[in-house]
Every structure is written in structure tokens, then in C-alpha cells.
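Structure 1 and structure 2 below are the same protein chain in two forms, each given by itself as C-alpha cells.
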Structure 1
């Protein structure tokens, strides 16, 4: 019996009680949940449904809980139900019902953990969105890991998701980038406000190589600007793909201006009555929706602002059919939260549903507790490629995704590459590799998992702990999607690894010496295969491999 099935059983029991008591069953929630109590002595699962229904039902919660317990005890798979405190239902399953969950996990395989929490939602997930003037750096890399994990988690929760990289190619930064490349190609100093670092020389040389005679042209700046952008975008794509991050859409800011999308968005906002003119400029009255000040769309000199492009981009996303527009932004973008929410409201949307802004904090990289020196190639930053070269894709992705983005993150290269149990990514991957090794040993012994097993045999305390932990995975995925917190997957996997290792130490799976394989051997092979599937599925949601050997 899965936690979801038990939740349905609790609802069914409550419905029977309300019917018997002539109480309107409409007071029942659409869904309820069961939780694992912290103290195993209190049962396998606990429900607070009686407490939730008490006031509406006009019955004391403890009395209501007692009647629900009577109904539950009649159901197959439920061993006993106790009433605790003011009306908590503490439920114990029989071993067969507990062990039957293993069959569900193995049969579902890679689909186990997927659900419908976000079914029907069409989501646009914008993250990284680095200027095409330099390599992907460490701050972008955190959002690459978290954003891609969110993409995978949202899909697992039933959403239709498009990942999108916004190319900031319409501002003055590309002119400065082009001038920096031209100066480097000519052997001149970096211009004021320009870009430095060895990569500038590398890109400049590539532009010259791909465009013979470019330096002899009367005005080569446009070529250096365009070709430099192309080369940087190619490098970005290569770095991100190496990191396991693929964007469905690379969206150019410049196309918003060239296509008339900015003017179209302003017309849409005017139609909703929030555009006005003052001091020779065109404004959006975002203060109508809790922004700290109104926003300029077109300056008095006729120049369109960045916010005008932001407005056009949002309207464009909605017109492409996306219900929810996610923006994953850096720590210096807190001011964007209210203005983007206000923009959505000015466009006639619900800012509590249609737009969501997530702010990520900075990352500090250490080696042996000492800050890592700045990148030589990029001048003042540590690049994604340098991080991957130092620690590998798996260690980087897992370590960047396992902490809440609300908090600054410090990573020590020596810790996250250490093959020891105090390294979380190693600890989790080792659990999967340990299972894979066990299954190889089983094959070497000629012990194969049979087409079915007796779930009642999985009655050991450590077996029950592992099964209940496996049963939590779908709700963990759903919660990670709902709260936008991939780190919940990582922390769950770390707890699961500890639970598996304790099971392995207490419950011998394979026969030794001349011992024959038994029905218990077969049941435990089913259990370890179920554990392997959950480790693999959880790691896949983080974009991390599940190794067969370590």
C-alpha cells in the first residue's frame, strides 16, 4: 500500500463515517495526506483528518477519529489504528501491505515518482540568461544546475515545460564587447568600460581567422560585434550542454525591437489602461499593483528602456501560450520581483499565478578552506568550464542543487570531490553503485529475481523502514515542484542512502557458501531493485548520473 493509497483509504473511511452520521460529505477535502511519525512507536503513518473535519462536522475530533479508526480497521492491509492526543490517527500496516509497495516501484520503473501536481500547466522556465559578452560563470552555473533540475521536476509533476535562455543582445554591452575585441585584435589597450581577460584575445583571434582582411576594412567594429556574439553564444551552448543543460529556446532581445513586439506590447498595456505620458516620456503605472514606483517605457528622447523590452518579452511569452512564466534571477535582481509582478497585473494577468520570480544567492568556491583564485582566462570570474574541469559534472550539479537558493552557498572543491561518506554526492551515488554491485553478484551466483515475490516476507524493521522511505518519493517530488525546491530531492536521497545502508547491514540479501536462495532472498532482491530505481530516478531529476561502479 502506497502513501497515496492509504490517503485514499483514510478519505473513504471518513466518508463512510459522515454518511452514517448524516453529515454532508461535501466537508471532506478533495485530497488528504498521511505522514510518517518521527517516533516509529507511534505507527507507520499518521493522519490529522479528524482534527481538520471536527469543526465542520460538529463533532469532537477524538470521537470522530475513533469512528474513522473503526472503518479503517476493516480495510485490507491495515493492521491497527490508534487514537492519540486530541484526535490523531496513528496507523499500522501489516507486512504484506507494506511490502506490496515494492512491486509498484519496480513495475513503474523510471516512471515511479511522477505525478500530476502540475498537470495541465504550460510553463516557461527562463534561467541563466547570461550576456553574450563572456563565458558562463559561477553565479550562472548555480542557476544552470537549479533551473535544469526544476525543469526535470516540473515535467515529473506533469507540467509541459519549455526552458528558455534570454540573450541580452540589444544593449550597449555588445558595443563595448565589440570594441574590446577590436582593440585586442589591433594590439591596443582595453577601451574604457570594456571587457578584459584572456578570452577576449582568444575570441578576437577567432574573428580575424574566420574573417580574413577584417582589420583592413573601413569600419570593422560591426563584424567584431556580430562575430564575437556568435562565438560567445556557441561557447555558451557548448559549456551548458557539457553540463547537461539544454535550452529549448534561445530568445534574442534584439528581435523584440526588430519585429515590432515592443510596440505591440505597449498597445496591449494601453488597452488595459495602465500606460500614461508625463514629462515627455511614456510610463507604465506599476504602482497600481504595489511596485515602489512607476516605470518608464519610452524616454523623452524616444529611446525605449530595458523595461519596455521586459514588457514585450512577457507579453510574447503569454501569447506563445505559457500559463506560468518563471524568471530565475541573480542575487542583485531583487528589485525585479515587484516590477515583474506589477507588469503581469498591468497586462491583465494574475501575478500570483502567471508570473514567478526566484532569486538565487551567490556561490563562493574554496579549496581546502581557502578561496579559489580568480580565473585567468575570464579575468575576474570562475567559469562553468573551470568548475567542471575541477570537480566534474556530477559533483558540481549535485552540490549546487542540494541547498536552498535563498541562502549563499560555499563549496569546497576538496570536500565535494572526496570519496567519503561526508561528501553527499558520493554518499548517494555509492548507495546506487552498491546495489548495482549486489545485483551483479547475484547474477554471478545464478540467483535471479523471480517474476513475483511474497511481500509479507519483508517484515524486518529495517526492511519496513526502507519500504516506507521508498514510498515517500512521489510526495517528495510533488513537494519539490510545488515549493520550487530541488534541494528537497537531494536531501531525501541522502536520507534514503542512510536507510539503505542500515538495511544492508542488518538484512543479508544473497546466500553465502552452499546456502540455497530462498523466497526471502527473492523478496529482498525485489526490494533492492526498488531502491535502485528510486536512487536512479532521484538523481536523474537533479541531472546527476547513477553509476554502476565507483
Structure 2
């Protein structure tokens, strides 16, 4: 029996009780859930439904719980139901009902964990969006790992998802970048406000190599700017792909200006009546929608602002059919939240539905316990490539994805490079590798999983723990999608790994010596295969590999 099936059973039992008592069943929630109590004395699953209904029903919670329990005890698969504390329902399943869940997992295979909570939603995920004036560095990396995991989780929840990387290639930063490259190629010092760092020299040399005689041309700056951007974008794309992060769309800000999309967006906003002129500039009255000040779209000198391009990009996304536009931003950009939401409202949309801005707290980098100040212009950056070189893709992605983006993260370069084995990712991956090894041994012994198994044989406490843990996976995925929190997958996998290792420690799977394979061997092979599937599916959602050997 799956947790979802049991939850439905609890709801049905409560409905029957309310009907008997002549209480309006409208007080029932649409769905309820059962939780897995930490304390084994509290049963396999627990429900708080009686506590929730008590006030609305006008009955003591314990009395309601007692009546619900009577109903539940009649159902097959339920061994016993206790009432505890103020009105908890503590439910115990029989071994057969618990063990039957293994079959579901194996049968669904790679699809186990997928759901339909976001079915029909067309989602746009914009993240990283690093300026093409330098390599991808650590400040971008958190959302690279988490955003890509979110992409995978949303897909698992049934959404249609496109990930996009916005390229800020229309402003003055690229001019500064181009001037810095030109200066480097000429052996001159970094210009005022320009970019420093070794990569500038490398890119400058690459431009010269690809464009012989460029320094003698009439407008070398234009070539350095354009070629530098091209090389930088290639490098960013390569770094991200190596990190396992693929963007469906790389969207150029410049094309918004060139295609007339900005003008088009201004027309849209004007049509909704939120555009006005003042002090020689054109403004969007975002204060109509709880922004703390209005925003300039066209400056007094006639130039469109960055915000105007933002507006055009948003309108463009909506016109491409995306219902939900996600912006995954760093905490240093949290001031954008209100204006992005107000922008959507000014375009006639519902900011509570069409826009979602997720703020990731800063990653503080330590080296030997001392904070490292990251500055692209000063050249003191840690790049994504350097991080991957040091710890590998799996450890890097996992350590960034395993904690909530709400909490500031501190990474010590020395610790993550020196003590890579401390990373919990290895604990999880090892569980998968152990299973893979066991299954190889089974094949060598000629012990194959049969077409079916007897679920009642999986009655050991460690087996029951493992099965119940496997049964939680779909709701973990659904919750991770609903709350936009990929770290829940990682934390779940760590718990599951512990549960698996304890099972492995207590329960021998394969026959030893001359012993024959038994029905228990077969049942445990089913269980082990189910565990392998969940580890593989869970790690895949995080973009982390599930190794066959370690």
C-alpha cells in the first residue's frame, strides 16, 4: 500500500464517520496525507486528520480519532490503528501490504516518482544569465546547479519547461570589455572601468589569433568586442554543459532592440495605461503595483533602459506561450522582485501566477577560513571550471543543491578540495554502487529476479523501513516541485542511503556458499532493485551520476 492510497483510505474513513454522525462532510479537506513518525512506537504511518477536524466538527479529537480508527481497522492491509496523544492516528500495516509497494516501484522504473502536479503548465526558467564579459564563476554556480535541478524536477512533476540564459549584450559593459581586450592585445594597461584578470589576456590573444591583422584595421574595437563576446559565450556554454547544465535558449538582449520587440512591448504597456512621460523621459508607473518607485523605460537622451529590455523580454516570453516565468536571482538582486512583478501587472498579467522570482542567498567563499572577495574586474574570481577541476561535477553540484537557497552558504575552498570524501554525495552514490555490485554478483551466481515475489516475506524491520522510505519518493518529488526546493531530493536521498545501508547490514540478500536461492532471496532482489531505481531517479533529478562502481 502506498502512502497516497493510505491517505485516501483515511479520508474515506473520516467521511464515513462524519456521515454517521450527521456532520457536513464539506469540512473535510480535499486531500490529506500521512506522515512517517520518527518514533517507531507511533506506527508505520500517522495521520493528524482527527486533530484538524475536531474544531470544525465540534467533537473532541480523540473521539473522532477513535471512530475513524474503527473504520480503518476493517480495511485489508491495515494491521492495527492506535489513538495517541491529543488525537493522532497511528497506523500499522501488515507486511504484505507494505511489501506490495516494491512491485509498484520496479514496474514503474525510471518513471517512479513522476507526477502530474504541474501537468499542463508551460514554464520558463531563466537563470545564470551571466554577462558575456567573463567566465562563469562561483556566484552563478549555485543557481546553475539548483536551477537545472529545478528544471528536471518540474519536468518530473509534469510541466513543460524551457530553461533560458539571457545575454546582456546591449549595454556599455561589452564596450568596456572590448576596450579591455584591445588594451591587452596592445600591451597597454587596463583602461579605466575595464576588466582585469588573466582571462582578458587569453581572450585578447585568441581574438588576435583568429583575426590576423586585427590591430591594424580601421575599427579594431568593434572586432574585439564582437569576437570577444563570441569566444566568451562559447566558453560559458562549454563550462555549463560540462557541469551538466543545458539551456534550451540563449536569448540575446540585443535582438530585442534590433527586432523592434522593445517598441512592441512599450506599445503593449501603453495600451494598458501605465506609461507616462516626465522630465523628458518615458516611465512605467510600477508604483501602481507596489513597486517603491516608478521605472524609466526611455531616458532623456532617447536611450532605452535595461528595464525596457526586461519588459520586452517578459512580453516576448508570454507571447511564446509561457504561463509561468521564473526568475532565479541572487540575493544582491532582490530589489528587482517588486519591479518584475509590477511589470507583469502593468502588462495586464497576474504577478502572483505568471511571475515567480526565487532569491538565492549568497555563497560565501572561504579560503583557509578567510572570506574571498569575488570581483570580476579585479580578477579575483573562482570560476566554475576551477571548482569542477577541484572537486568534480558530482560533488560540486550536490554540495550546491543539498541546502535551501534561502540559507546563505559557506564553502571553504580548502575543505571542499582537500576533503572531497566528506561530501554526503558519496554516501548516497555508494549506496547505489553497492546495489549495482550486488546485482552483478547475483548475475554471476545465476540468481535472477523472478516474475513475481511474495511481499509478506519482506517482514524484517529493516526491510519494512526501506520499503516505507521508498514509498515516500513520489511525494518528496511533488513537494520539491511545489515548493521549488530541489534540496529536498538530496536530503531524502541521504536518509534513504542510511536506511539502505542499515538494511544491507542486517539482511543478507544473496545465498552464501552452497546455500540455494530461496523465495526470500527473490523477494530481497525485488527490494534491492526497487532501491536502485529510487537512487538512480533521485540522483538524476539533481543532475548527479549514479555510479555502477566506486
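C-alpha atoms forming the largest set that superposes within 1.5 Å between two forms make up the rigid core. Residue numbers count along the first chain shown, from 1. Treat the numbers as computed from the prediction; the structure is a model and nothing was measured.
- It is structure 2 that shows the chain in the form predicted together with the RNA.
- With the core superposed, residue 88 shows a C-alpha displacement of at least 2 Å between the two structures.
- Residue 498: CA moves less than 2 Å between the two structures after rigid-core fitting.
- Of the two rigid parts that make up the chain, the smaller rotates 10° against the larger between the two structures.
- Once the core of the two forms is superposed, the Cα of residue 54 has moved 5.6 Å between the two structures.
- Taking the core as the fixed frame between the two structures, we note the C-alpha of residue 7 moving 2.6 angstrom.
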